[in-house]
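Consider the single chain below, provided in structure tokens and representing the form predicted alone.
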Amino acid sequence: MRHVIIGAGPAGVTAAETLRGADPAGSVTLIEGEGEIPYARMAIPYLLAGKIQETGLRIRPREDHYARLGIDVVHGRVRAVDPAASSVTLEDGRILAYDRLLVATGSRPSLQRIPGIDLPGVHTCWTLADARDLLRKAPPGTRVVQMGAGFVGCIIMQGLVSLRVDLTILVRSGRMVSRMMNPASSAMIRSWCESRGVKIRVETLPESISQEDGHLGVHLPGGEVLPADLYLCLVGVKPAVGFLEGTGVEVGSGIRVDARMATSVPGIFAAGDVAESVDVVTGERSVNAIQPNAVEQGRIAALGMAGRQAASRGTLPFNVLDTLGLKSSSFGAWQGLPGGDSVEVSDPERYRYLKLEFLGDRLVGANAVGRTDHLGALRGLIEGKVRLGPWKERLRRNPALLMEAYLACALKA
């Protein structure tokens, strides 16, 4: 059996390793599109901050790891997939035949559609090459205007602050990490960042970027121009699926997969940030772009490719974010569900916050800032759809009793 995997992030690497164990006689080819040893993209901020060297980004430390397992790593970008011929064509013309194909290409950064977005000095920070470029061009004191304060924007901010640049962050919406945190918790994160010298402008979207004498001007509505040496565009990402055009693979917000990670085309699977699957809490389909999910989906897809029985119960949206030392987290339906109720405790002066969302006697979501205790119990209660019974009212009176509720309800169940 010829197994080909497009994408060498956590999902792709996990799938390759799983396939080697599940189908020892089959060939396993891992297509890596950046000319690098497979690495973890989410470790890039630690590189910017000087906490690790480039080798610390590697998903597996040993450079010969893949050769030792008999996994063939091919460097190149995919131009097209032909399901009728069961083949993958790379941009350099090479053609790879497959019996089973896994698409684990993750996401690619979005760019604003404004004049000047293609000027020198305008960057993203999504790849290792981007990070190297930023390290060369951002010595202490460099004026950096960053557009975007979502999850990726906030972790990149951590690295930029470590580089001691003069940082201004523009936020299109009214709050930071708006897809992860509610208004109250987001306000705490903003206050924390501003107290550490980061300038933040909300409800601000540039109209254009200009350049004069090697320096940039970021033009805001109303005529204000922010001077900058670098403009960093971090406005979001979207699944990398362009090469699948014409294949018949069904795509919504991502590649639609079933519980086995199989797509609408026989023999083609998808996993990780490129895959649209079922939310275990709401039952709705979405792209759950977090590394633990990518790893588990890669494992399940690989077992299916090898003819083994494996299925996902669904994915749980959860994020844990470190913003300049302030920990925050969101789990499940953190915005609440229709017909549900909630309880909230807040201490803005100490940057501590917790909100629990309920539906009936089940915990379905949560937001937390400055609280890292018992996050495992919190996840277990939500993902396990645990019936709380009388413990719901106890949590409403004292939301800190999460571990006690978990021990009393989840383990008994």
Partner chain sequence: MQKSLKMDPNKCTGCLQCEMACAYEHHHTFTISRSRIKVFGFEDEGRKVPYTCTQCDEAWCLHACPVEAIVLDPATGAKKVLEDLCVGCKVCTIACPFGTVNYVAATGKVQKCDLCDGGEPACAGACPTGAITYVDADWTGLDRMRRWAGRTDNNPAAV
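Because the structure is predicted, anything quoted here is derived from the model rather than measured. Numbering follows the first chain given and starts at 1.
The protein also exists as the form predicted together with the partner chain; that form is not presented, and the subsequent description refers to it.
Residue heavy atoms within 4.5 Å of the partner chain in the model of the complex occur in exactly one stretch of 209 to 217, 311 to 319, 261 to 269, 247 to 255, and that stretch is 311 to 319. The partner chain in the model of the complex is approached by Asp373, whose closest heavy atom lies within 4.5 angstroms of it. For Phe358, no non-hydrogen atom is located within 4.5 Å of the partner chain in the model of the complex, even though that partner is not displayed. Looking at Arg143, you'd find every heavy atom of it more than 4.5 angstroms from the partner chain in the model of the complex.
Residue contact check for Pro221: none of its heavy atoms lie within 4.5 Å of the partner chain in the model of the complex. No residue in the set Asp92, Phe243 and Arg285 has a non-hydrogen atom no more than 4.5 Å from the partner chain in the model of the complex. The contact residue chosen from Gln291, Ser342, Ser86, Thr168 relative to the partner chain in the model of the complex is Gln291, the criterion being a non-hydrogen atom within 4.5 angstroms. Contacts between stretch 374 to 388 and the partner chain, counted in the model of the complex as any heavy atom lying within 4.5 Å, involve His374, Leu375, Gly376, Ala377, Arg379, Gly380, Glu383, Gly384, Lys385, Val386, Arg387, listed in sequence order.
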